[in-house]
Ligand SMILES: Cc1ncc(COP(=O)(O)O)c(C=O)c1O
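Heads up, the chain below is alone and in the form predicted alone; it's given as structure tokens.
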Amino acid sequence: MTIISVPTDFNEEDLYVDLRRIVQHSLFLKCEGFNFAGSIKLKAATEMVEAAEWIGVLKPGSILVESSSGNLGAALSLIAASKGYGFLCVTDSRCNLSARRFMEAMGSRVHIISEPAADGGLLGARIAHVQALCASDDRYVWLNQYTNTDNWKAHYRTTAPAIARRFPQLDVLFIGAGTTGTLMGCARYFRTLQRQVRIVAVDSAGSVTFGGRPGRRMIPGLGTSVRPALLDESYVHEVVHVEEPDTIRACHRLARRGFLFGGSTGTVVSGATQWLSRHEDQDLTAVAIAPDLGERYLDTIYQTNWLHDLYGEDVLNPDELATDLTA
């Protein structure tokens, strides 16, 4: 029996899904969404908050403020409610309605940015708004997930060691790239182990993280319009870019087998499948990290009208539409 008194005390660390029968490759998916925040972001949020408390930046009466596309905001809203802080999430229209409602249910406020910055897009505009808030009132505390080293340290301390324990013969690890906290924490950990683990970053097409051209991105989570300060490409062996229709197809393929995952997970699975298809001649032990579950995407990725309006009616083939998505 597990009994807890605060929501951050529970996080399922050792659940993996064997995806072989779904993606036709040997791939183990590490599920990170089974906690009260619903995503891997609870780890980084907890680490950053506790570090800020330790050095005295965060104290009674403080108001946390953060730019987030959804999952980190949800995690911070949960922590703020548990600890008695205020929280204001600065996001944009791509943030899922369910994530916004989750934050508001926790007593947090959500501010939506609608106009992109000339340099940096919507993310740049979100960051500028956060900076203006902090300049206007010293009660606001910005943990800044984009530059905060406690972001990657959370995964160096928890996520990566958990994988290393379960897969001592690991060959390749697929990690989605957003702020690159998970990516950098895991990559740094495996570098210190001096094990020959290939680190493959999975990014969204249209993201500038690895020097690509900026483009439209409608699925929140992975990808950025401003290069993450945490990123050190010397730790990354390869990068796979995934188009959003491929993310959607991966999500639906998993859902048709009973696994409802979020957009970030669909991107990682799609990228991993593409990479493994190019290395079929090798006998590899491969793990991919699933950052989120799918409930927050029911009104978007799993909703027919949203899909057709943005990607056209042929975004899913008949096999992936085996059941009525509107039912």
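Bear in mind that the values here come from a model prediction, so they are computed numbers and not experimental data. Residues carry their position along the shown sequence, with the first being 1.
Just so it is clear, the following notes concern the form predicted together with the named molecule, a form of the same protein that is not shown.
Asks: Does T267 make contact with the named molecule in the predicted bound form, using a 4.5 Å heavy atom cut-off?
Replies: Because no heavy atom of T267 falls inside 4.5 Å of the named molecule in the predicted bound form, the answer is no.
Asks: Is T182 part of the interface with the named molecule in the predicted bound form - any heavy atom within 4.5 Å?
Replies: Although the named molecule is absent here, T182 would touch it in the predicted bound form, with heavy atoms inside 4.5 Å.
Asks: Can you tell me whether P291 touches the named molecule? I mean in the predicted bound form, with a 4.5 angstroms heavy atom cut-off.
Replies: Looking in the predicted bound form, residue contacts with the named molecule include P291, since a heavy atom lies within 4.5 Å.
Asks: Mark A177 yes when one of its heavy atoms lies within 4.5 Å of a heavy atom of the named molecule in the predicted bound form, and no otherwise.
Replies: Because a heavy atom of A177 falls inside 4.5 Å of the named molecule in the predicted bound form, the answer is yes.
Asks: Taking 4.5 Å between heavy atoms as the contact cutoff, choose which of V90, L222, C251, A80 touches the named molecule in the predicted bound form.
Replies: It is L222 that has a heavy atom within 4.5 Å of the partner.
Asks: Given that the partner is absent here, state which listed stretch (280-288, 51-59, 22-30, 66-74) has heavy atoms within 4.5 Å of the named molecule in the predicted bound form.
Replies: Answer to the contact question: 66-74.
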